[in-house]
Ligand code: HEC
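For reference, the chain that follows is the form predicted on its own, supplied as structure tokens.
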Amino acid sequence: MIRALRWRTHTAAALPAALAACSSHVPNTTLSPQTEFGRDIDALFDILLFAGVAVLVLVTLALLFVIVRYRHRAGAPEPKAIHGNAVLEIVWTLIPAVILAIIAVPTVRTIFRTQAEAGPNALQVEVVGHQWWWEFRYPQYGVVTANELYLPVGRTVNFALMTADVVHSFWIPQLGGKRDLVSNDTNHVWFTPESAFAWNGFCAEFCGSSHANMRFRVFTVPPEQFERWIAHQQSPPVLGAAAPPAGAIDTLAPAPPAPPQATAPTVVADSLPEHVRAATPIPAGLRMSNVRGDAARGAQLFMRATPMPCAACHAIQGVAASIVGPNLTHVGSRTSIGAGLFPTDARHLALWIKDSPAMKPGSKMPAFGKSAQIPAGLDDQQIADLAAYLLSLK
């Protein structure tokens, strides 16, 4: 009875894993590359995989032959003791050396190809890793943004990878990477996006307590849309519609699309594929009152909120110029906050302001909500005002 129960339990546990393995929806796979960089790595992987399988098969067959050929038989004489076989030892030393030499040729070729400099007309993007968010700079256009990366289809992009603190690793599984961001040095990686789509990006090097929460989104868009996005990022933020109440339950859904604007060609949350939608659960016990924020009051609070004004850490074009935290110039047009964890809507943004360390363990942004620990903090109405102001920055 117990044995049968264990078998059923193991079967029940294995079945979901087996079904998941049969799924064709694999948005973060590295086995379906969408750039020349990814195909070079994938081709090298295939060579190494097939070579490794061939070696495994040959060694296994040789082992089975020896086991069967020289197995113990009843009545067989004792085997002769031998000192060694110099020819055999030389052969089995040379064979691995030849295999490694053969593997080295495509490996070195791929290393040189992927380490080569990008073309002269490449789009330059500076990537700065922070604990635990991503900063993206477009030096050719004077644009700085955070956690959402827009790239034009068909144009090579050259990434200059830097870190503001510890070692990080820049990785977009289906496009390219992975390459480390190390202190006191700048690494480079480049590739050419081939199709318009939305992709997930990750930090692939353990960088502290919130390493798993250091994500970003990549939107590869047609060149004309990229140019419009750049023009929009270069302009002051466009004030959008008033935000819904910060505690409203319906704001758990992704934010609705903004009204059509020729100057704001950003991707809207409800048009995203499922695999890039921010859907991290809100921590239990964290609540917001159902109050409606006022963007005008929020703009004033941004400059003089206590215990610390937001402007001390965040930049907004024409308003504040700090570079400590993410640039918020057009934060209302982004699809997520918290480095890809939560959708950009009134409720999640208000809760983030209220207690970001609870929303994202290890967050260096302090909690601003009034509590026993922070008696001088902001009340829910003030937090809703701040959220309304930030959401209006389209």
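Treat the numbers as computed from the prediction; the structure is a model and nothing was measured. Start at 1 with the first residue shown and count on from there.
Just so it is clear, the following notes concern the form predicted together with the ligand, a form of the same protein that is not shown.
Taking the partner from elsewhere, V167 is found to have every heavy atom lying beyond 4.5 Å of the ligand in the predicted complex. Under a 4.5 angstroms non-hydrogen atom cutoff, the ligand in the predicted complex has G325 among its neighbouring residues. In the predicted complex, the ligand lies within 4.5 Å of some heavy atom of P309.
When the ligand is considered in the predicted complex, W133 lines it closely, a heavy atom lying within 4.5 Å. Judged by heavy atoms within 4.5 Å of the ligand in the predicted complex, the contact stretch among the candidates 42 to 50, 59 to 67, 346 to 354, 29 to 37 is 346 to 354. Within 4.5 Å of the ligand in the predicted complex, a heavy atom is found for none of R137, L151 and M162. Residues from 374 to 394 that approach the ligand in the predicted complex with a non-hydrogen atom closer than or equal to 4.5 Å are L378, L386, L390, in the order they occur in the chain.
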